[in-house]
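A single chain comes next, written as structure tokens; it is the form predicted on its own.
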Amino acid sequence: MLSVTEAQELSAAEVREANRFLLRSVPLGETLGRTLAEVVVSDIDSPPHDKSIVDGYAVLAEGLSAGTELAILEEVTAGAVPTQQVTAGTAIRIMTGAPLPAGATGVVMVEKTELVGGENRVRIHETPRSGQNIVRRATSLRRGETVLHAGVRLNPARIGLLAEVGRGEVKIASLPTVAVLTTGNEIVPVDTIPGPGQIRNSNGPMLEALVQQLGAQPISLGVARDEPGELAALIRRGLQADFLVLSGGVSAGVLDLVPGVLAELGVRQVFHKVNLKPGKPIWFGVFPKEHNNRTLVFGLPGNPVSSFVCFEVFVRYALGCIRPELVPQSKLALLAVEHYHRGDRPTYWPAICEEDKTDALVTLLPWKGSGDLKTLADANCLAFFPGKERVFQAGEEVSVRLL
């Protein structure tokens, strides 16, 4: 049976192949918070010339001392270009950001000078040094230099950088559409009083909310009865989306029809069953479409905690291959009390993680199994226990996945 990591790697390979069909070019003004999907290279040097970083006087610094008077040749403002060259005994008045004149090796701040004899001469009140108050060409970046890599999240500073290198439009990972289908004869709508043997459809709204939480676009397909024709019809609709997430019908029961229907519709199975608790029966496959496009299909177990855990561990991970900011955060925390882990399957256990000034402390909740949605609703994390039966001591470090 596959490990969680092996299953994630298999799904990631398929998602990365599909990812190139989930890209689009958008104007810079629409990219805040989005994930860059291309490498961006500078088309300029920045700054494009040696420039002054202060208002003052460009001088030939070598040989000058405080008290020296210099003839002012001209004034250069930002956006203007010097027309004369600085030589011994001369200076050019220069503004912040303006290009450094030829011959100048330093800039004296205007606060350390005074005009003498009108506007044509200046006396300096410091001994300048070579390179003073100058930024050299291409100090920030060079033409041809990679300035942003694919996968970074675009914040205001990065958007400003894109503008600086002339990128008014960039490729971003688009928001995928995710169809959600709950299956099972026992499932009734939320506003229905369940009869004997029936339960309300909690998985559908839960999974759709998880999709929304990730910034993707959920498409609700409702509930499909355990009947091949009805399943096939609704699955066909779901295969039009970028992702299809099904809940229920993937185990080994008489009415677990989902894998067979998916196969009949041309969905290629990548894996079925993972060494995991809860969520062992999870199914994943790929549906090829026109123009080399594809739909990625996840069949999650029907028990609500199993569905939730498999979404977090596999669906969220897959979406994170498209938008890295969606990858869940994990951290180490200290167990509040001793825990006896039974069985040989790695387990995600609903828990509460709290932090003090020095440590994170995790308290396991009284979880009653994969149908216990109430306990999951009280959790803010999932504590992970590797697949080996043993006692975890109070104070021992365990990994927690924050929700």
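None of the values given here were measured: they were computed from a predicted structure. Start at 1 and count along the sequence shown; that's the residue number.
From this point on, the text means the form predicted together with adenosine monophosphate, which you will not see here.
Put simply, of 127, 275, 202, 105 only one has a heavy atom within 4.5 Å of adenosine monophosphate in the predicted complex, and it is 202. The contact with adenosine monophosphate in the predicted complex, taken as any heavy atom within 4.5 Å, belongs to 304 out of 238, 101, 304, 285. Residue heavy atoms within 4.5 Å of adenosine monophosphate in the predicted complex occur in exactly one stretch of 229-237, 248-256, 262-270, 211-219, and that stretch is 248-256. Taking the partner from elsewhere, residue 187 is found to have a heavy atom lying within 4.5 Å of adenosine monophosphate in the predicted complex.
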